[in-house]
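First comes one chain, alone, set out as structure tokens in the form predicted alone.
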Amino acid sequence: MSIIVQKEGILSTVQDLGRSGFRSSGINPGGAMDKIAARLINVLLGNNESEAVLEMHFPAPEILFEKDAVFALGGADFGAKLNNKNLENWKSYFAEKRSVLKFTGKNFGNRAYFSVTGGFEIEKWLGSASTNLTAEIGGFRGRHLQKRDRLGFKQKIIDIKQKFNYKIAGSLIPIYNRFPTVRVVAGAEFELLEASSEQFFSRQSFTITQNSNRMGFRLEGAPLELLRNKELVSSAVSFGTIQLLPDGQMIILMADHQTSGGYPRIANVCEIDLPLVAQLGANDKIAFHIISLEEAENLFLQREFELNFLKFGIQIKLHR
């Protein structure tokens, strides 16, 4: 029971929601860049939301199903086709043995996610199946997927073609675009910015540069300046921390970020808007809107309430 990579894609890796509790040892959480996409398609299939998924970039891999499977796609739209039949994101599908899944064109977004019912059989490292490419550990042999790699399924599918014919409501799906305004909360060193730079930060747009990856997205825009140069002690950072570099440009730390840093932390992207950032690519633009910590928490709690409601509904359908 497995899938085989028939044609290699660009940087296709096994990811989950990351490994927690090891930052004090210098091990970052990692995990999927667009975690809500990974969570949603797992919930749709009745999986634990932390099950491993494939994170794919375009060109994406060509996948052969060795056995029957139920699967779902989310995140970026890469023009998926199953045996030349067009597929939608956020919907479950039944694939018969010998079916082939292809991705024919990049319609929007930069990271697509693929999950199967029951999840993939992946050995975990420190409690997570996520691939740590730097350490070359976790996921599938600590590396990206290559031609002829085989990923096993945890469970066998037994004639459930009609049981998984539903999709996720649009209200739960992030509104992806190439120029989002994302909500942020002011960081610990935001007040070190000059007044004009504070205004630039929230009124100007910034461009994602080519020098961006899973560790961080470097931005280009009007340089920001500090009131005074101040030597900072290296402090904890997280996914979404926005740091100010010595040249006045910024970097948004992403899934494979370091555990601490010494650059000023001028803001943090709100959890609810991290998926919008995760789907950006080189030359896309971004703008920032500062909100309060209380607002950010309420937005997060509302989304979690809606996601739990979806989980409840799916479980009812599965156990009728």
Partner chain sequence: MSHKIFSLGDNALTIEFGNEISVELNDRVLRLVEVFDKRSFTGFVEFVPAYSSLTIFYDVFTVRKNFPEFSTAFAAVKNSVENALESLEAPQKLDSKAVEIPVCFDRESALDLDSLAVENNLARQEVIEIFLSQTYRVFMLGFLPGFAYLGEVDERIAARRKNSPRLKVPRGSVAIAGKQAGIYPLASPGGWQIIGRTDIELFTPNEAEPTFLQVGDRVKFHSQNL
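Residue numbers count along the first chain shown, from 1. Because the structure is a prediction, the values reported are computed rather than measured.
Only in words, not in the display: the form predicted in complex with its partner chain, which the text now covers.
> Going by heavy atoms within 4.5 Å, which of 113-121, 74-82, 204-212, 179-187 lines up against its partner chain in the model of the complex?
Checking each option against the 4.5 Å cut-off leaves 179-187.
> Going by a heavy atom distance of 4.5 Å, is residue 94 a contact of its partner chain in the model of the complex?
Outside the cut-off, so no.
> Does its partner chain come within 4.5 Å of any heavy atom of residue 241 in the model of the complex?
It does: once its partner chain is placed as it appears in the model of the complex, residue 241 has a heavy atom within 4.5 Å of it.
> Does residue 251 make contact with its partner chain in the model of the complex, using a 4.5 Å heavy atom cut-off?
Residue 251: no contact with its partner chain in the model of the complex.
> So in the model of the complex, is its partner chain close enough to residue 42 to count as touching (4.5 Å, heavy atoms)?
Close contact is absent here: in the model of the complex, residue 42 is far from its partner chain, nothing within 4.5 Å, heavy atoms only.
> Quick check on this chain: which one of 169, 245, 227, 137 has a heavy atom within 4.5 Å of its partner chain in the model of the complex?
By the 4.5 Å heavy-atom cutoff, the listed residue in contact is 137.
> Where, within 286-311, is there a heavy atom within 4.5 Å of its partner chain in the model of the complex? Residue list please.
Residues within 4.5 Å: 293, 294, 296, 297, 298, 300, 301, 304, 305, 308.
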